[in-house]
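Okay, here we've got a single chain as structure tokens, the form predicted on its own, with questions on binding and movement later.
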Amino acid sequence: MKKIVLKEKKVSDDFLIASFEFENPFNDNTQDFIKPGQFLMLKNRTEPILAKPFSVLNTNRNGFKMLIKIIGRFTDYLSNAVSGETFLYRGPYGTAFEKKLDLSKKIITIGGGCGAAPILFFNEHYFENIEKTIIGFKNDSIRNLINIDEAVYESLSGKTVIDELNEYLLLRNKVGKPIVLACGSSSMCQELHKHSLEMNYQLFVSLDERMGCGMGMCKGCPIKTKSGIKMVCKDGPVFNSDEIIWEW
């Protein structure tokens, strides 16, 4: 594992944004280091816990930034860490979005919660491919950390990302079947899949699963597809939703 240093962090009720610096900065752009859709395994240096998977929000030659939901022991530790503390990472792992998507076409992107990070990272690098973006959060505490123009706050509007997508599709006047790329909770992705059958759009989902190794060796993140059992970390995390056996 390689060393990184926590440069700064911002914390709200539910989320934190952590900025890390590489021990040795890259000589040029880090697009070759990690691509949208891939993730890193991150841990601290002292606690005997497995590394955890996280997506990056953006990156440059000096380091990277992550949007992280505070939901467990390690993320709680991160929320209380001090600037200058050393962490460890390995990766990147997973298949980049560009390997699964037809980038000759426009794409509607949807992010839910910390699933916003890979979507915003994708939007940054493939902005010419973006038809529409919808980013959803349960409440607006995230505003203390980052300003997201496309954000939908369910506690304020009463709308979910599916409601917003439905409104957009009903008014859409573009030719061709819509393509949607979504990243968020399993429940959100499954609801979007059901909705895709009703509204006739092609859906790709980037799944958020617990992982042990990130390389497909521990078999800790299985998903059943029409072509057999796949590992979210190695074969994904992005899948065509029509290929997933959601009832499994």
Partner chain sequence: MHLKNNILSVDYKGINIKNPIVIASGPAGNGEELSQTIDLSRIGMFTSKTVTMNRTDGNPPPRIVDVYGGIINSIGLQNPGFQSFMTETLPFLENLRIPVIVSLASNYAEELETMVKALDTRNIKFLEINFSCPNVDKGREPIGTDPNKIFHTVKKLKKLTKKNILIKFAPADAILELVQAAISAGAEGVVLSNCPKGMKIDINTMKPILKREFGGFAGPAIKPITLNQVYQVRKQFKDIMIIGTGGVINHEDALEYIMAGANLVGIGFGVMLDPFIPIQIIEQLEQWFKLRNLNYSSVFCKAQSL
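Numbering follows the first chain given and starts at 1. Worth saying up front: this structure is predicted, and the values here are computed from it rather than measured.
Quick note: we don't show the form predicted in complex with its partner chain, though the next part is all about it.
Student: Is there a heavy atom of R73 lying 4.5 Å or less from a heavy atom of its partner chain in the model of the complex?
Tutor: Taking the distances in the model of the complex, the answer for R73 is yes, it comes within 4.5 Å of its partner chain.
Student: Does its partner chain come within 4.5 Å of any heavy atom of L197 in the model of the complex?
Tutor: No, L197 sits far enough from its partner chain in the model of the complex that none of its heavy atoms falls within 4.5 Å.
Student: With a 4.5 Å heavy atom cut-off, would you call V5 a contact of its partner chain in the model of the complex?
Tutor: No, V5 stays farther than 4.5 Å from its partner chain in the model of the complex.
Student: Within 4.5 Å, heavy atoms only: does I34 come near its partner chain in the model of the complex?
Tutor: No.
Student: Counting any non-hydrogen atom inside 4.5 Å, which residue from K65, K69, K43, H193 sits next to its partner chain in the model of the complex?
Tutor: Checked against the cut-off, the match is K43.
Student: Just one of 197 to 205, 176 to 184, 215 to 223, 53 to 61 has residues with a heavy atom within 4.5 Å of its partner chain in the model of the complex, so point it out.
Tutor: Heavy-atom contact with the partner occurs in 215 to 223.
Student: For the heavy atom contacts within 4.5 Å of its partner chain in the model of the complex, list the residues of 77 to 98 involved, in sequence order.
Tutor: The one in contact is R90.
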